[in-house]
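Shown below, as structure tokens, is a lone chain in the form predicted on its own; questions about how it binds or moves come after it.
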Amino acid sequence: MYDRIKGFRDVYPGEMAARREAIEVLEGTAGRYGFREIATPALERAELWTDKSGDEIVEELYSFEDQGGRHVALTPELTPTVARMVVAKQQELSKPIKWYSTRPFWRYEQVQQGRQREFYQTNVDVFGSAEPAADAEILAWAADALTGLGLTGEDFEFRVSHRDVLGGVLEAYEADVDVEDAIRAVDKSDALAEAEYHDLLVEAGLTYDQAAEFADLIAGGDLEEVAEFADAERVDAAVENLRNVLAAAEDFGAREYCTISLETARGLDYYTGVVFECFDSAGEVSRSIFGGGRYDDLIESYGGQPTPAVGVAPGHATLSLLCQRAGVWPEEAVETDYYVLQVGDTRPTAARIARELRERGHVVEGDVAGRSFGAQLEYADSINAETVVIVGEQDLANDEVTVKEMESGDQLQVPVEGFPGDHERPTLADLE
């Protein structure tokens, strides 16, 4: 008996059907916004992450030396990969570049609610536009995707911030502050006790009094107060940009889902501007559902031309937790339109009926195991077949087949040559 590896999940047909339905909503919404689907490799050179984050990040990767002596890793996120792809064909690609993809990623980290070592995300990115409208379109796509899944504004909220607001306020202190470390502390603040949060800010270079003052100022979320405190062009510009993004989000129909939250920081260092995270409004899903933001410097850091970029990446595990909490997760069950049941030596006719129903786009199953009438009917019920078409020797002797609706139990004998006929979805009402 072999056990699966911790942090990796088996997904059986019922759950997979629900996941596929959700993915189709996410991807269908992206397609309507003009995002184009891409496919990316599961394996990359580990330097794609170690060059930016240091060798210590290897502990979080599934990395190894391949047979060619290359240090490679299973991709833990998509952003560096798409940055590499943009750099590779930057001169050929029309701007803005709007891409999406759905795929698995791998991180060696602690398994917890909504977080596995193998996980799936749908990534949506815009490259080549610094306009607030690009940020707003990402917010609008996310809102439309969530409402397309059946969620409402009472179920989720986008907490929106700007990295330069935090950075500018920190720089206003007359102290040697490690801004990135301080921003990482802000990013963790929701999960920490106040004293622990302040300790991290002190470790980043603030005094205890400054840490308390900074924490209170940021928690207040008052843009005017923050700008007045910092008295810096960087903060003024960031506040203006944030307001412009929210104004565009209003025009795009997403502003109602957005709340200014300066404690939203996003932990990754490559974020440069507006950032946001989606949370369960009811608080039952304790962690962020997903997040995104602007990363204007990343393409250039990978050797490309300066290229502004903004994106978002809903993780399917946390998104399913939110949908389940709100009661809108698709039913985890397989669906079958027709089961063609054979009794006796009737395969040629049964196969012809199944082919014609499939040609109309229906999900159709038939017997491939030589089972009895009762066993086939039981199987049809187990796969949620809506309709069973019984092709029996006695029926065919009368030039008929029997059509049975499983929910009601009603059935009807119809001419075999007339079935399925011209009907796109033959039902008893059509056939009577």
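When you see a residue number, it is the position in the sequence shown, counting from 1. No experiment lies behind these values; they were computed from the predicted model shown.
One more form of this protein should be noted, the form predicted together with a further copy of the same chain, which is absent from this view; the next part is about it.
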Classify Leu61 as contacting or not contacting a further copy of the same chain in the predicted bound form by the rule of any non-hydrogen atom within 4.5 angstroms, answering yes or no. yes
*Evaluate Glu405 for contact with a further copy of the same chain in the predicted bound form, applying a 4.5 angstroms cut-off between non-hydrogen atoms, and reply yes or no.*
no
(message) Even though the partner isn't displayed, in the predicted bound form is Met16 close enough to a further copy of the same chain, meaning a heavy atom within 4.5 Å?
(response) yes
Taking a further copy of the same chain as it sits in the predicted bound form, is Thr336 in contact with it (heavy atom to heavy atom, 4.5 Å or less)?
yes
The stretch from 234-242, 126-134, 280-288, 220-228 that lies within 4.5 Å of a further copy of the same chain in the predicted bound form, judged by heavy atoms, is 126-134
Among Val202, Ala88, Val328, Ala317, just one has a heavy atom within 4.5 Å of a further copy of the same chain in the predicted bound form, namely Ala88
Heavy atom within 4.5 Å of a further copy of the same chain in the predicted bound form, from candidates Tyr120, Tyr197, Tyr257, Phe214, belongs to Tyr120
When a further copy of the same chain is considered in the predicted bound form, the residues of 20-41 having a heavy atom within 4.5 Å of it are Arg20, Gly31, Arg32, Tyr33, Gly34, Arg36, Glu37, Ile38, Ala39, Thr40, Pro41
